[in-house]
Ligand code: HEM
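Below you will find one chain, with nothing else, as C-alpha cells; this is the form predicted on its own, and questions on how it binds or moves follow later.
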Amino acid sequence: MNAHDTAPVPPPGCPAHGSGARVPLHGPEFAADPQAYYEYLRHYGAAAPVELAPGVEATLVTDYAAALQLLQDSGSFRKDARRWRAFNEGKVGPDSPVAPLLAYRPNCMFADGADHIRLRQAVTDSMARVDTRRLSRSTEQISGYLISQFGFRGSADLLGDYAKQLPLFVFNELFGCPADIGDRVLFGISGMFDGVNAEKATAVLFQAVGELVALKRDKPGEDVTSWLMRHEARLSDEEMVHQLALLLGAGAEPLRNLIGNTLHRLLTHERYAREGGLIDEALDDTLWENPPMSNYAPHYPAADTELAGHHLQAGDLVLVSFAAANTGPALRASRQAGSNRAHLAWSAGPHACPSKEPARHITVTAIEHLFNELPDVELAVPEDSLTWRPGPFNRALATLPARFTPVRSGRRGDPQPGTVTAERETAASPARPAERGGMWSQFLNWLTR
C-alpha cells in the first residue's frame, strides 16, 4: 500500500475494480484517462498486475526507483523475449494484438550480454554520425513537401497529414532509400502500426530492407545503412535487416507520437508562445506528462525474484510505465526542484533510446517549420472532442484537426485550391495505407522541380 490514508478511487469504467481481476490497459476507458488508471495502480505499491490485451498478463512498474532498478539490472532482468513464459506455454499466441511489439526478433532490443553490446554499439556509432545540419535540412525539406500537400486547403489533420508521415520520410532519407525501396518502406511501417493487413505489411518491409542491404553492399553511400554495414561489428546481412527494420519501425512510431503530442500541447495550452524557444519547453513538458511510449521496456526475470516487494517468477513479463513513473511523487519533487530532464521518457540503462538527440532535433525543427509556414494554425475542434488511440504501449491521438489561412507553396506543379488530383488525395489519405505506394517517389520528384 502507498501512503494514501483513504481507499484508492477506481478509474472511470474500470472493469477490474472490485473483481480481483487485473487492471486492463486496453480499451477506450484507459485511452481516455490513463492518469486515473496510474493513480489507482499506485495503491498496489511499486508494481501492479495489469492486462495488456484480453488474456495477456503482465506486471507494470509504476514507481521511479523500482523502474530504474529494473532497467539497470541486466543480470536479473533480461530482454530476450524467448524467455516469455506465457508465450512459450501457449497462453499468448502470435496472433495477439500485442505480439508484434513483444515477440522476439534478432535485434539489439531483444538481445542480452555480449550480443547486445555488439549490436547496440553498431547502432549508436552509426546514428552518432548523423550531421545535425543535414538532419535540419532534410526535415525542413520534408516539412515543406508535406505542407505543400495540404497548405492550400486551409485545414489539415496534423497527425495523419504531417506528424505521422514526417518521421518516415526523414528516416528514408537518412538510411539512403531509393524511390522504389522507400515507397515500400513507407507502406510496410504504416501498415504494421495501423494494424491493416499487418502480416503483409511486415513482409513488404522486410523484403524492402533486404533489398536496401543488398544495394548498399554493392554501392555504399553516406547514410546510416552504409555506416552500419561498415561498422567494425561486421554485421551479417540478416543482422543488418533486423537492425534496420528496428530503427525504421521502432523509431518512426514514437517520433510520430512525440511530434503529435507536442503539437497538441502547443495548440491547447495558452501559455506557450510560438516563438522564443518555447517549443523546447513544450517538448520537455510533453515528455514528462504525455510521453509517446507510455508503457513498454519489456523484461523477463532470469530466475524467481522480488522487485520492490513483489514476487516475480522466471519468464514473467514485466513492463515499465514511463508515464506513471514520470508523474509519481518522486519525480514530481525532482521536477519542482528544477531537474527538467530527469524523466524516464527515453528509458534508462543499457537499453535506453539510442537516438534521443536526433529525435529531439527532428521534433523541434518540424514544429518550428510548421509554425513558420502556418503562423495562425489553431485547433479546429474543441479539445475535449479529441480522441486517443487505444492500446497499452503508445500515447497517441487518433487525429489532430487544425485550421489556418491557406498558403501557396510557390513550386510549379504543387496542388493549389481547386486543382488537387484524385491520385494525390488517395496517396495522402491516412485512412488508406494500402494505397500509399509512390509517396517517397513523389517527394523525390518534388525536390527536383
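Note that the structure is a prediction, hence the values are computed from the model and not measured. Don't overthink the numbering: it's just position in the shown sequence, from 1.
The form predicted in complex with the named molecule exists for this protein as well; it is not shown, and the discussion that follows is about that form.
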| item | value |
| --- | --- |
| is_contact(residue 100, the named molecule) in the model of the complex, heavy atom dist at most 4.5 Å | no |
| Contact flag, residue 312 vs the named molecule in the model of the complex, heavy atom cut 4.5 Å | no |
| Exercise: residue 335 in contact with the named molecule in the model of the complex, heavy atom 4.5 Å | no |
| Interface membership of residue 307, the named molecule in the model of the complex, 4.5 Å heavy atom rule | no |
| Among the candidates 352, 203, 179, 128, the residue which, in the model of the complex, approaches the named molecule to within 4.5 Å (heavy atoms) | 352 |
| Heavy atom within 4.5 Å of the named molecule in the model of the complex - the one residue of 227, 346, 145, 300 that qualifies | 346 |
| 108, 116 and 296 all contacting the named molecule in the model of the complex, non-hydrogen atom within 4.5 Å | yes |
| Residue stretch of 262 to 270, 91 to 99, 324 to 332, 285 to 293 approaching the named molecule in the model of the complex, non-hydrogen atom distance within 4.5 Å | 285 to 293 |
| Those residues of 223 to 256 which, in the model of the complex, come within 4.5 Å of the named molecule by heavy atom | 246, 247, 250, 251, 254, 255 |
